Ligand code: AMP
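A lone chain, given as structure tokens: the form predicted on its own.
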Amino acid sequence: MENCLFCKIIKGEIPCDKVYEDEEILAFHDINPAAPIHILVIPKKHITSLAHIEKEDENIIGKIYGVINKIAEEQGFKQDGYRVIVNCGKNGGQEVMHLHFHILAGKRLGEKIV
């Protein structure tokens, strides 16, 4: 997707503060953090949102959760805990239409979001 912000980051057209990268996944610090630690984890394949996951995407979604756990361990916040958020679509609060997972950590987060 040529106008997708995250696709441009994946291609290296826009710089990011990278935390993790492999052939299928990229993770980087959010430029507008909502917590002391705010990392975005994205598939390199453009998937618009959770609502657009197809059967062949299921393995990458599972792998993303494994990468999130690895990042939590390597960044030192796994023990204290963290929150993972995925917004889906406009009414779900999704601002960039490329599937992404927010990892929030580094402080005690609110008791409930719902």
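In case it trips you up, residue 1 is the first one in the sequence shown, and so on. Remember, it's a predicted structure, so these values are computed and weren't measured experimentally.
If you look for the form predicted together with this ligand, you will not find it shown, but the lines that follow are about it.
**Student:** Do N87 and this ligand come within 4.5 Å of each other in the model of the complex, heavy atoms counted?
**Tutor:** N87 belongs to the contact set for this ligand.
**Student:** If you check in the model of the complex, is E13 within 4.5 Å of this ligand, heavy atoms only?
**Tutor:** No, E13 sits far enough from this ligand in the model of the complex that none of its heavy atoms falls within 4.5 Å.
**Student:** Could you confirm whether M1 comes within 4.5 Å of this ligand in the model of the complex, counting heavy atoms only?
**Tutor:** Output for M1 is no: heavy atoms all beyond 4.5 Å of this ligand.
**Student:** Considering non-hydrogen atoms and a 4.5 Å limit, does this ligand approach E23 in the model of the complex?
**Tutor:** Close contact is absent here: in the model of the complex, E23 is far from this ligand, nothing within 4.5 Å, heavy atoms only.
**Student:** Should the three residues I9, H29 and N32 be counted as contacting this ligand in the model of the complex, with contact defined as a heavy atom within 4.5 Å for each?
**Tutor:** Result yes, every residue of the spot touches this ligand.
**Student:** So which residues in 78 to 107, when you check this ligand in the model of the complex, have a heavy atom no farther than 4.5 Å from it?
**Tutor:** Result: N87, G93, Q94, E95, V96, H100, H102.
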